[in-house]
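One chain comes next, on its own, written as structure tokens: the form predicted alone.
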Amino acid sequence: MHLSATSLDSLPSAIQTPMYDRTAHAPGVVHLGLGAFHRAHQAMVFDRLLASGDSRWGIHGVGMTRPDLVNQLRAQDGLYAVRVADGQGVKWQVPGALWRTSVATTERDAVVQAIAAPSTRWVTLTVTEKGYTPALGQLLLDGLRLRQQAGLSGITIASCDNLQGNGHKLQALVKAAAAPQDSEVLSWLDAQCAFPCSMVDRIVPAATPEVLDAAQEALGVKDHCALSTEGFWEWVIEDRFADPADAALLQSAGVRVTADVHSYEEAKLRMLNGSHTAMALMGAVTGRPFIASCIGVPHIREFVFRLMGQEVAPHLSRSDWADYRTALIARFGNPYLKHSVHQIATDSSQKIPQRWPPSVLGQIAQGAAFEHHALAAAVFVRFTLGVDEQGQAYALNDPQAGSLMALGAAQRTEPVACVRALLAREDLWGSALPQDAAWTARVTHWHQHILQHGVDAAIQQLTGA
């Protein structure tokens, strides 16, 4: 037997399951990007709202490219188990907010019609940083145009991806898809739709066989879509909604509604995501498989502690950054989160530009040291070799993999030239850093140290740990 609507009643009583009717109402949310993160984050928030008796938060979930996941979820009636595990204990929950599913690549019209459906009030997105393409803008615009032509009300369209000012970027992307004859829909969009900026935070690793086995043991039925996550979660969203009453509803479910999303997204990008990328690259090169196995090493933990406190925090406006750092280090060490370093290192060329350069430039402007970021950048250069320190090859899962590996191949014979070539790329470092001789010199120094003595020795040299 597998998890489905008919097997819900057979689950152990300790497991929280949806008690509301999942079939009587049409979905009120269309979500683009039906990955693990959404299902363990926003979908669980919407599940809380549904459980409170508000039937408007059911989800029409859209897999952007993966029919396999959508097919598995369909076979389970949109149900899946989530293990919430940390130092406080372990509990299992089956959220029930996912009511319908589609695949954007093969069922595009169904997605457009879902955006245009009278019941739809929100569109949310977790399509990753690289997903903000003209095709996405066109998909959203086509759905919004149908709404406008049908005389329907506007909706809230909320990006939940790691992009600073993500609401502004998404609105600009949709408008850029418009043709000259779209002036009416653009006027309607400006007047009636809302694109709030938001910041989301919860560590949700890709599912592993261990999680699927644990789910079967806990539930007594098979679950091909089970996930594991941590107890901590944060969703900060701008107080800008098509329906202003949504602010109080979201707050009742634990969401932080504020006029100042920027201080939170900035802290998350540079402290959590920036540290994550650094550790992921270190783990990939040293052969450590998970973030927990990296932060569990004293010199790496000291490196991350100092990176956040000495080079990132001075340029943040989040006032409780020290408490946030403490929480982050505890979260990184969660033994239940088998968060693969290679999963986090995916698309590093898209992530590093937002996560590291702002802090480095802030340090340069203050005449302060940036050694931790320079060492992290040197590890990134070493990572492009595609082989770890034990000689095990790994793939660079990155849109720039070809050019990065071509540069990386020169490390053994022309290491200084390789570093200079990689640091000259403005798509990675912006326009200012490639011109900074001191930055180039320190990255080159640490890169040479890494090639000669290894990543761990370089970190120990820097931290004294």
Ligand code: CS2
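Owing to the predicted nature of the structure, the values given are computational and were not obtained by experimental measurement. Residue numbers here begin at 1 and follow the sequence given.
In what follows, reference is made to the form predicted together with this ligand, a form of this protein that is not presented.
| Using a 4.5 Å heavy atom cut-off, are 17, 39 and 98 all in contact with this ligand in the predicted complex? | Not a single residue of the candidate spot has a heavy atom within 4.5 Å of this ligand in the predicted complex.
| Contact between residue 270 and this ligand in the predicted complex at 4.5 Å, heavy atoms? | Result no; residue 270 lies far from this ligand in the predicted complex.
| query | Are any of the heavy atoms in residue 111 no more than 4.5 Å from a heavy atom of this ligand in the predicted complex? | reply | Residue 111: no, not in contact with this ligand in the predicted complex.
| query | Taking heavy atoms and a 4.5 Å cut-off, does residue 155 contact this ligand in the predicted complex? | reply | Because no heavy atom of residue 155 falls inside 4.5 Å of this ligand in the predicted complex, the answer is no.
| message | Residue-level question: is residue 373 within 4.5 Å of this ligand in the predicted complex, judged on heavy atoms? | response | Judged by the heavy-atom cut-off of 4.5 Å, residue 373 is well away from this ligand in the predicted complex.
| message | Only one of 86-94, 256-264, 273-281, 386-394 has heavy atoms within 4.5 Å of this ligand in the predicted complex; I'd like to know which. | response | Of the options, only 273-281 has residues within 4.5 Å of the partner.
| request: Report the residue, out of 200, 189, 123, 381, that has at least one non-hydrogen atom within 4.5 angstroms of this ligand in the predicted complex. | output: The residue from 200, 189, 123, 381 that makes the contact is 200.
| task | Would you kindly say which of 76, 148, 334, 162 lies with a heavy atom within 4.5 Å of this ligand in the predicted complex? | result | By the 4.5 Å heavy-atom cutoff, the listed residue in contact is 162.
| Residues in 322-340 with any heavy atom within 4.5 Å of this ligand in the predicted complex | Read in sequence order, the lone residue that approaches this ligand (within 4.5 Å, in the predicted complex) is 339.
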